[in-house]
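The chain below stands alone and is given as structure tokens, in the form predicted on its own.
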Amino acid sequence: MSDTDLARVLDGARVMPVLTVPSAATAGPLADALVAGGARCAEITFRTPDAEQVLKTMATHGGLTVGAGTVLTPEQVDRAVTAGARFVVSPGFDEEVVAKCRELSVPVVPGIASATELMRALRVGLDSVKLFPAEPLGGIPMLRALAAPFPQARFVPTGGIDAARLPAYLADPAVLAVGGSWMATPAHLERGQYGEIRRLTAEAVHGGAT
């Protein structure tokens, strides 16, 4: 497996909604709203009891390429892939998680926060990583500082990014895609604000020219 697989799975989509979904009942309407807004991929975080069912429902929607996020263990990789995850995202670099993803032929995006962690990822053959948490780490200047000595690396910055910061990240040639949660928050879901989710998603995707 190589990270060109991730690029192929994303198929040019550069805006990735990162979703923490408390209830599986909202998964269908959420998928409809995201697709109506122009999203073509989404990351479902494994932070809620319903995460697997949410992933399963959204993966069968047809309009979205869905991955699993906040994956911390090989066992979670198994569960995520069984539920339909097309890619796996982790907040940090874990060799066992990477190995399990390779075993299942699923692209993995490990989180890195330093040059040392990036070198570990590159050493095992990964060239796409999640810069996390992107904004607390320093944002665009941090991204560019890491990209300079590692021109082969591609980044999926996530963490603290909002609509105002999105265009600058997307403009950087080292960025493969940008993850963000502002488009569909748990508060939006609790209130049933699917129209607002659609609007925010459309704004983000338009800015990403996906």
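Model, not experiment: these values are computed from the prediction. From 1 onward, residues are counted along the sequence shown.
This next part talks about the form predicted together with a small molecule, which is not shown.
Not displayed here, the small molecule is approached by Val18 to within 4.5 Å at the level of heavy atoms in the predicted bound form. In the predicted bound form, Arg144 stays away from the small molecule, with no heavy atom inside 4.5 Å. Under a 4.5 angstroms non-hydrogen atom cutoff, the small molecule in the predicted bound form has Ser181 among its neighbouring residues.
Among heavy atoms of Gly160, some come within 4.5 Å of the small molecule in the predicted bound form.
Stretch 151 to 159 is the answer when you ask which of 164 to 172, 151 to 159, 31 to 39, 50 to 58 has residues with heavy atoms within 4.5 Å of the small molecule in the predicted bound form.
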